[in-house]
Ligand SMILES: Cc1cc2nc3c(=O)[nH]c(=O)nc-3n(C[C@H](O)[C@H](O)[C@H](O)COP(=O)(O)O)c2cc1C
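This document starts with one chain, in the form predicted alone, laid out as structure tokens.
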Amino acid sequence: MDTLEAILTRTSVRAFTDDPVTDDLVDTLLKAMIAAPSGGNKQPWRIFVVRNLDIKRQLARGAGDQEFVAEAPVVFVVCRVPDESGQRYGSRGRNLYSIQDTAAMTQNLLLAAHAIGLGGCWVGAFKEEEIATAINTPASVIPVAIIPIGKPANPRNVRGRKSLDQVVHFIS
């Protein structure tokens, strides 16, 4: 699958088969994640790869009882380290760039997963403190996304998008 096809056909997946996600596939996804751009190449991120069912259940609870999180074979928790961006860019780095950088990383994960036949969902609705406790992060490492990954249990259904004329403004 080429990049443009992956971008145009990726969908959120919330139901997974019981098929495992191998260590080799996880490694491929991790390499795609850390290839994401970051402001000043600061790479202000930490990635937690969770297979433990008890921890996945804690993540699901912390995400408002979104049970599909616990049902995925593997869950990635993407965290930002604001001070790493702040060293170079001050408050803008801490408060914006570290979020943008981890968002780019999360998109890389979702596109790479789709390209290799897996699926996932970007979960941003969660109680930050509960997620941090579940994965035992220090206060300097802040969770920004939970991404359950697995083989999709159902056919993908690409949802409609707003038309370009609804969202694009050309300035000449």
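These numbers were taken from a predicted model, which means no experiment stands behind them. All residue numbers are counted from 1 along the displayed sequence.
One more form of this protein, predicted in complex with the ligand, exists but is not displayed; see below.
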Q) Is G124 close enough to touch the ligand in the predicted complex, meaning at least one heavy atom pair within 4.5 Å? A) yes
Q.
Contact with the ligand in the predicted complex for F48, defined as at least one heavy atom pair within 4.5 Å: yes or no?
A. no
Q: Give a yes or no for S12: in the predicted complex, does one of its heavy atoms lie within 4.5 Å of a heavy atom belonging to the ligand?
A: yes
Q) Would Q66 sit within 4.5 Å of the ligand in the predicted complex, counting heavy atoms only? A) yes
Q) Which of these stretches, 26 to 34, 39 to 47, 52 to 60, 124 to 132, has heavy atoms within 4.5 Å of the ligand in the predicted complex? A) 124 to 132
Q. Relative to the ligand in the predicted complex, which residues of 141 to 172 have a heavy atom no more than 4.5 Å away?
A. N157, R159, R161
